[in-house]
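Following this are structure 1 and structure 2, which are two forms of one protein chain, each written alone as structure tokens.
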Structure 1
């Protein structure tokens, strides 16, 4: 087992007037090589949860194991864990700090002790992945547009080549093309290098398209854990109820079903929806001929 969370609870401002219970008895196991999505309403605890995976937060109670090691013990090398598990922050401005973008992206690889040559290679490689040209390298990360900043934040974690990538709303502020491009790069490194991915997102369309396993949180708890197809079909009502939704095409088929049409449930992508509609029409036409 790569990661195991056991009865994890987390409360902000414990025993103070503004006490907030953010995680409520979380149990979770993640295997190497999984591609997981995490969804949940705003404030349900997603960011709090993922900050436990690399020791940015330690549980109020409960245990976090990474490769069998309890990371909350004294003397654990958190630096090493943060190299293994790269976390892209939800708000990129909280992650950026260097004077120029080259240094920003080179920061991690430099800490890894790579040669200047290798560092340079990595910087250019990840810039390409986030679709920014080399002219950006000399610019300050603070003179960028929102989406450009997001791209740099993602690039600087990719440059570490971690074993696991945890991305907190990576596609917020990206333009549609950037969204597709960066997610497909992430899918690529997952498929080719077996990198474990945990993707936190409010974008139901992309989640449905990308992930193999989906976790749904509500008020500090994990309430569903399954394949996106299963969750978006069998638990559609519950998702809507807790403030989430369905991808547009899934929603469309869900409404058709509600109107008594016999049509497949849990359709997740445009391609699939198109196929289903055409198949259905063909079947109806064949029936008419008979």
Structure 2
């Protein structure tokens, strides 16, 4: 088991007048190579949860294990843990600070004590991973578009060769083209490099298309854990009740089903919807010919 959380609780401002329970008895296991989505309302505990995965926060109670090591124990090398679990916060471009892109990406590997030859190799490798040309290395990060800056921030984390990449709303405030490019690169990083991905997002459509496993949080708890198809089809009413809703296509088919139409449940993508509609049209045409 790569990551295991056991009965994890976390309270902000513990034993103070404004104490707030952020995590409530979280139990979670993550295997290497998984592509996981995490959804839930703002304030439900998503960001607090992911900060426990590399020791930025430690539980008020409970245990967090990374490859069998209890990272809350005294003396644990958290620097090594954070190399394994790369965390990309919202608006990571705000953390860019070097004068050019080469130095920005090289900062982490240089701190690891790598040779200049090894550093150069890593910089070029991760630029390819985020689909940016090596000609970018001499440019200032601040001369780039918002989407490109975000990809450089992700490349800076990838330069540490993490086993897992945790991304907190990586497409927030980007235009449609920028969102599409970022998500495409994240999918590519998982599919071609085998890195475990945990993607926090409010974009139900993209979550449904991209991830293999979906976690749903509400009021500090993981209330659902399964495949996107299972969760969006079997638990549609529950998601609607807590105000999360469904992907637009799934919502449309859900409403048709509620109105008594004989139609497939759990349709997640436009392509699936098109196939289902064409199948129904063909069946109707065949009935009319009889």
Ligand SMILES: Nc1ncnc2c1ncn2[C@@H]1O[C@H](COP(=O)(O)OP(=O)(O)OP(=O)(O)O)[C@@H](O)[C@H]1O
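Residue numbers count along the first chain shown, from 1. Under this definition, the rigid core comprises the largest set of C-alpha atoms superposing within 1.5 Å between the forms. Quick caveat: nothing in here was measured; it's all calculated off a predicted structure.
Two forms of the same chain are shown on their own. Structure 2 is the form predicted alone. Considering the chain as two rigid segments that shift between structures 1 and 2, residue 86 sits in a different segment from residue 146, judged by which superposition fits each C-alpha better. A rigid-body turn of 22° separates the smaller part from the larger between structures 1 and 2.
Superposed on the core, the two forms differ at residue 106, whose C-alpha moves 3.2 Å between structures 1 and 2.
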